[in-house]
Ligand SMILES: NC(=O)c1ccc[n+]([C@@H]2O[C@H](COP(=O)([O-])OP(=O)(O)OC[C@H]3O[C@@H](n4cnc5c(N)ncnc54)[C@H](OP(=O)(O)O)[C@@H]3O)[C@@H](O)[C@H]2O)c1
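In the form predicted alone, a lone chain appears below as structure tokens.
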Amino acid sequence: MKAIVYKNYGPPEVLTVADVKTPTPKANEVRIRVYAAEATKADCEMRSFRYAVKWFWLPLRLAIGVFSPRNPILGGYLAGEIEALGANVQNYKVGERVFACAKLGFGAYGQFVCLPADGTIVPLPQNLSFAQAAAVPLGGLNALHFLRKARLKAGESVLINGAGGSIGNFAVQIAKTWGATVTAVDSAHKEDILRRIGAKHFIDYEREDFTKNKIRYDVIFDMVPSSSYSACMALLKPNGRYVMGNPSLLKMLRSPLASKFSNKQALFAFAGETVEELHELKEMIEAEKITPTVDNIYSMSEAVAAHYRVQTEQRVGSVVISMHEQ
């Protein structure tokens, strides 16, 4: 099969298309023919080994390869078709269309990937293409996880900092669907789409520091690691919740103190990306309550351009790589 691989850490140019061995499913695995994979910020960080959140640099380096990546195929989020079953797999059929998370196994940048049959694999929403479906799991699962963590309710106000990314985009839609009033913070060129998908208010962070205004919120969902912890906490209403999607180590250490010395909370918890949550997203998509926003679709040979599109933050929605002609 063909795959987008990288043998060294570095800029997008380290990505190349190569012939690699097609994986064979183990007894408890399924092999998926990958039609589309999302190119994510995490993929770019793994490729370059430069992270906005610094504290997990060392453990990740030890886990994925000190001098070069142990697994040369990136990609954690995909859509495709079940192509082969392991000997013990009974709950899937060959030909079934699915979308899925590869999690730390990666491999979605290959034309085929083997995943555990009990992993996060769900039938494709009936109203989505493969490219659209590949844009769902990262943003949708994380947005759903964090907004649940925030206990966001109808009638509340939520500010989403970094609303134009994969996670923020879904967070805007889910918050609106749940009946909250959404303020989105991002670059000016993302305003139109963010208002169309549910943001009532928009703040261009290049023109205005949202922490300087006097508006208070029930929930702040923050995807920007460099945000001021103190300033965000100060913007919360009584009983407000500050939910951190990319917390620095200092923010993590400070967060337990918030509820001890105030009536506010600072929260973080990494998403489990569960089957149950992906099923919930599927139902919301088929009910047309939320939908993925695809910025652009690139071919495998355009993987370098796809990564540049992601890391320069010019995208409006998700960047998808097409792995097969459909």
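Residue positions are given as counts along the sequence shown, with the first one as 1. What you see is a predicted model; the values in this text were computed from it and never measured.
Another form exists, predicted together with the named molecule; not displayed. Remarks below refer to it.
*Asks:* Identify, from the list A271, M284, M300, M46, the residue with a heavy atom within 4.5 Å of the named molecule in the predicted complex.
*Replies:* So the residue touching the named molecule in the predicted complex, by this definition, is A271.
*Asks:* Of the options M223, C232, V136, L115, which one has a non-hydrogen atom that comes within 4.5 Å of the named molecule in the predicted complex?
*Replies:* When the named molecule is considered in the predicted complex, the option within 4.5 Å is M223.
*Asks:* Out of 239-247, 105-113, 124-132, 80-88, where are the residues with a heavy atom within 4.5 Å of the named molecule in the predicted complex?
*Replies:* Among the candidates, contact is made by 239-247.
*Asks:* Check for me: heavy atom within 4.5 Å of the named molecule in the predicted complex, for each of A150, T181 and G198, yes or no.
*Replies:* Verified in the predicted complex; spot residues all out of contact, no.
*Asks:* Whether G75 contacts the named molecule in the predicted complex should be assessed with a 4.5 Å heavy atom distance threshold; does it?
*Replies:* Heavy-atom contact with the named molecule at 4.5 Å: absent for G75.
*Asks:* Since only the chain is shown here, I'm wondering whether S187 would be in contact with the named molecule in the predicted complex (any heavy atom pair within 4.5 Å).
*Replies:* Yes, S187 sits close enough to the named molecule in the predicted complex that at least one of its heavy atoms falls within 4.5 Å.
*Asks:* Using 4.5 Å between non-hydrogen atoms, is R33 touching the named molecule in the predicted complex?
*Replies:* So R33 does not count as contacting the named molecule.
*Asks:* So, L144 and the named molecule: in the predicted complex, are they within 4.5 Å at any heavy atom pair?
*Replies:* Flag for L144 set to no.
*Asks:* Which residues, if any, of 163-189 lie within 4.5 Å of the named molecule in the predicted complex when only heavy atoms count?
*Replies:* Those in contact are G164, G165, S166, I167, G168, V185, D186, S187, H189.
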